[in-house]
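Only one chain is shown below, in structure tokens, and it's the form predicted alone.
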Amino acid sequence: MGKDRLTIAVTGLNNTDNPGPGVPVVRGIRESKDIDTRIIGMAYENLEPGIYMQDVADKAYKIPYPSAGTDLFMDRIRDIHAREKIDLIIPNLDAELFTFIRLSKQLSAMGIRTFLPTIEQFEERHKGNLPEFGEKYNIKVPKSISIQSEADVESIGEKFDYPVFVKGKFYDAYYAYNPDQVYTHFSKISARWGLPVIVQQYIKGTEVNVVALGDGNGNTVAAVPMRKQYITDKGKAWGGITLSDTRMLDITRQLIRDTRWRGGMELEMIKTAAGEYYMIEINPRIPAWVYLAVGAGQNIPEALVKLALGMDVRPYETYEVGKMFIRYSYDLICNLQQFQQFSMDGEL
């Protein structure tokens, strides 16, 4: 590939205790020896750390939440594109993906590429649809139900043994050991992410994850499994290690082949003591721990960029087993003027 400079816009710069994938995605892209890039950060909040971190975004812009309305959202994208001539946008947050997928044809007409799953792929793997998804693709999944009100909580004990998982449709997952805890989690999650709230059967075992990339034609371009070694109270991995697990990789390749998945994805599974694997969640984008895959030898952000540009990308065949990541907090010192400029002007 030539070294023509590409302008790539990236969202998900909220690198906090509930980190977005944007910063590690940028790190992977910047490590590419084939792609010369100018990175445009797109942030929803004024205090997203990726705005102010050195070597992340060459320029950062504030954008409105998609919930503010498609017209307002697209007007801002057009404004940024007029200034920056964006070649590719990589959205990294669950709550924005549906909007970006719907707008992908409009973006393409503007000269902005994306590499995202289809609406059908995105919808059928929703947490609320997971039982039907598992049956369709012959994958074991825990039993789950969607609840719409506190009145539904009373019937949970008739369908599941406690504890159960209580999950938001986009983010957040909490254990509940009794109905009172379900009420508490339901109120918190529904207020933040809306309805429905998903209640999922608890499967005892070890949580394992795979980050993967599908080319849209049924081929797995990259896949790296890992086990979480430290988990925060938000359920996020704060440390992890790559695994040698052929069964996890077989499940991943089968799923990508059968769904013809296009783009990045994260598979969250439980491995039981008997060696069974249950799919508990499918995230339709690159996860925040993707830099572990980069460090293990599979630069998934780089490969996604190349696929988006229509290049032939040779699938990764190996990765380094026993590679670890440990996340840490870091006090980033910046000037008040930077914060004020971004807050008032919407760019930095």
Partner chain sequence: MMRLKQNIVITETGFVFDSDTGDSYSTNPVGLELLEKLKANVDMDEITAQITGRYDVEPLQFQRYFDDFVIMLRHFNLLEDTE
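Positions refer to the first chain, counted from 1. Fair warning: this is a prediction, and the values are worked out from it, not measured in the lab.
There is another form of the same protein, the form predicted in complex with the partner chain; it is not shown, and what comes next is about it.
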Answer option from D152, E266, E124, D245, heavy atom within 4.5 Å of the partner chain in the predicted bound form:
D245
Taking the partner chain in the predicted bound form as the reference, which of R253, K188, K271, H81 has a non-hydrogen atom within 4.5 Å?
K271
Even though the partner chain is not shown here, does A68 get within 4.5 Å of it in the predicted bound form, heavy atoms only?
no
Interface membership of K169, the partner chain in the predicted bound form, 4.5 Å heavy atom rule
no
Taking 4.5 angstroms as the cut-off for heavy atoms, does V321 touch the partner chain in the predicted bound form?
yes
Should R113 be counted as a contact of the partner chain in the predicted bound form, where contact means heavy atoms within 4.5 Å?
no
Heavy atoms within 4.5 Å of the partner chain in the predicted bound form: which of the stretches 88-96, 169-177, 69-77, 224-232 has them?
224-232
